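Only one chain is included here, represented as structure tokens and corresponding to the form predicted alone.
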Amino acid sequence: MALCNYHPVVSVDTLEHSTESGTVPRAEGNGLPPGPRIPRLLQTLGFIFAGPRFLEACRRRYGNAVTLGTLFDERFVMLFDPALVKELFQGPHDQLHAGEANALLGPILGNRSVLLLDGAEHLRHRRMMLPPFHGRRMQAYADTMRESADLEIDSWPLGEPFSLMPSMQSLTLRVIMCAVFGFEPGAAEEELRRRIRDMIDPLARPRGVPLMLVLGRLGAGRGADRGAARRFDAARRAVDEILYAEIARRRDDPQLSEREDVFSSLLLAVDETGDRLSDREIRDELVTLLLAGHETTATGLAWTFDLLLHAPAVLGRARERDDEYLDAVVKEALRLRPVIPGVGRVVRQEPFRLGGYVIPPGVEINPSIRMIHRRADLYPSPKEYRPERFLGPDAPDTYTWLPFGGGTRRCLGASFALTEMRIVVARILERAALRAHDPELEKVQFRGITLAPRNGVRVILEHPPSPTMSVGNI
């Protein structure tokens, strides 16, 4: 996996700047797009310390497809253009391996996770996992999302600064516990929540990616890193202990078909040959849904409120709680502050032709989500928070707005996450009067695989929350 998939992305002075209308350098002899010829160490430092400025300098100098190399990946191609992204996403899934690009997550999710599978195996898992995330099931989850928001709102201190991010983490985990895992509130649910946080917390820190690298290369770590890897492994086994016991219990439950949670749906799902998912596959998919639908959604909610509370006009209109506008509020937040900066596909079997270039097998192709979201030709005044971009017939399409990836690998839980974010935002605006504690927007910090607010979005609750009698307009 290329570092760029999870970059917090040397000074850009090491790159020559050409104008937008300047001549784009010719491709390398092997058909790859052009790219900087500075040492991989300097390119690595560019990703780490220069943020998007490094990538923007590359795009201006070399064009919309750039060949890069870091200490973590000798050679990969980054895309900055929706037309190229469309070409990639519509390419043959048996040749373009997204699962291989996610290999870094293997020690955490498990090798039978839909995120790590490719080809026919990936399509089999995806088809079996889709039903719980569509139709009436989504409506059934709405009450859980609203009730979870109420519990968090009622726990907030009055008149004192607090960080919203931990509260959003608690909220989204509670939703996962009920809607996905099917656990009722009580001792068993609390114990699983505790073990899950013990497993997730080390990965959600600024050093989360190095920890994953150590986990992926057993024995590569030393000292504190190796100790952290051992502690993570123990926390993961503690979660697995509960999950495997629950899998066995539910398989023997004669009333399993009456349950509506995702966990039970996975146990009941069959493929076209009549086969079911194995215990290991169930476990890996549950952990995938946990990490994909918990930490990322919590981060997206925190960013949404950071932006909302610093944009009085947008906040005023959002308080009217119109569904269409709230959807736009959430989507614009995910544009301006994408939680995941990029996605990847590894070319296999034969060279892949992309926009006039020829990408050889073994090379990873990475659409840069946050750089495409910053393009002024796609989003005029791209640094401004304007939900109106997503209203009307000219709203961004699936190749210019990419927070959930795209193609056959688009996030399974995208509709779930967007619904949850809209419901939570509406409920908080209905019941609570929040204001930003800090005058400026939060800085972005890399935590694990997410781009998170550095200080957790500090806010102040100005008045006691209103009662919960009204369900509001969701």
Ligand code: HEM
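Residues carry their position along the shown sequence, with the first being 1. Everything numeric in this text was worked out from a predicted model, so none of it was measured.
What comes next is about the form predicted in complex with the ligand, which does not appear here.
Gly413 is the sole member of Gly51, Gly413, Pro34, Gly69 with a non-hydrogen atom within 4.5 Å of the ligand in the predicted bound form. Taking a 4.5 Å heavy atom cutoff to the ligand in the predicted bound form, the contact residue among Met165, Leu173, Ile108, Val343 is Val343.
Only one segment in the set 58 to 66, 413 to 421, 42 to 50, 427 to 435 has residues whose heavy atoms sit within 4.5 Å of the ligand in the predicted bound form; it is 413 to 421. Annotated contacts: Arg126, Thr288 and Val339 all touch the ligand in the predicted bound form [non-hydrogen atom within 4.5 angstroms]. Proximity of Phe133 to the ligand in the predicted bound form falls within the 4.5 Å heavy atom cutoff. Taking non-hydrogen atoms only, Phe76 never approaches the ligand to within 4.5 angstroms in the predicted bound form.
Though the partner is left out of this view, Gly293 does reach within 4.5 Å of the ligand in the predicted bound form, counting heavy atoms only. Contact check for Gly406: a non-hydrogen atom falls within 4.5 Å of the ligand in the predicted bound form.
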